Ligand SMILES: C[S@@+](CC[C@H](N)C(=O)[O-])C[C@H]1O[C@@H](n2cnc3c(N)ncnc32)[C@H](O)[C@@H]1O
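Given next, in structure tokens, is a single chain: the form predicted alone.
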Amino acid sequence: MLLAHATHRRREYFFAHPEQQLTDIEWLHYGRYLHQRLQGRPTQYITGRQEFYGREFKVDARALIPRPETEHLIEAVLPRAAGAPLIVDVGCGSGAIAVTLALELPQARVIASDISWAALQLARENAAALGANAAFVAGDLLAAVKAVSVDIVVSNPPYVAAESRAELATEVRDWEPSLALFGGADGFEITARLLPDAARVLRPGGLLVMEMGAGQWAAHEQKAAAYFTDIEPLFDLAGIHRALMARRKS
């Protein structure tokens, strides 16, 4: 990937042209990228891009790198988004979720919120580059959303416990923004506030789809029961509880 980035070619090119010699400039760039990677900088931050749901997104240190597991949120929302729903993506980061939903559901109204102005700017850049019609607002969770008739709230919130910071990979711990990673000492500080905030803006029967960390399902299910019904888990390909889906109580 780094060699392709240094030479401005697709990876397949090197299989078709094994005799290709690098120019001095290409060696210079390739060596620089390798040096950055050896220091722990994520490959996606070096290349400046990451694929999500079949589209290429711009990524940098302003936001988390979109993960393949988060595509499960998209797959959960799409079949449940009838009509022209109002969808709010909380903690939008790079805009991967909001932009994807806006493109997959052209009749929907999509609002993306984030407490980070830098992340919001990155999300706007991705929306513009991909031609997505979405609105962006700055605020803590849903503070900037006053409507009480939202159809769907979707979120990949910070849920990593601060006490497990040392266990994270260097690429994550030292390079990705802590604001988007850590949910307090136990990992539940943000989601504990998000659940009632989502219930505040969702219409009765409105859908919440919220990503979570491994081992957090039981606690989230218990907390969500105060505001939601029809609570069910969403599993990733490894069989791990990856998200919570629930309907706002009438």
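Residues carry their position along the shown sequence, with the first being 1. Computed from a prediction, not measured in an experiment: that's the story for all the values here.
Below, we refer to the form predicted together with the named molecule, which is not included among the displayed structures.
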| property | result |
| --- | --- |
| Non-hydrogen atom within 4.5 angstroms of the named molecule in the model of the complex for each of 76, 210 and 234 | no |
| Interface residue in the model of the complex among 130, 105, 86, 180, criterion: non-hydrogen atom within 4.5 angstroms of the named molecule | 180 |
| Heavy atom within 4.5 Å of the named molecule in the model of the complex - the one residue of 152, 141, 112, 122 that qualifies | 141 |
| 4.5 Å heavy atom contact, residue 99 to the named molecule in the model of the complex | no |
| Residue 64: touches the named molecule in the model of the complex, heavy atom cutoff 4.5 angstroms | yes |
| In the model of the complex, residue 156 touching the named molecule (heavy atom, 4.5 Å) | yes |
| Non-hydrogen atom contact residue 190 with the named molecule in the model of the complex at 4.5 angstroms | yes |
| Stretch from 24-32, 41-49, 220-228, 190-198 whose residues place a heavy atom within 4.5 Å of the named molecule in the model of the complex | 190-198 |
| Heavy atom within 4.5 Å of the named molecule in the model of the complex - qualifying residues of 210-237 | none |
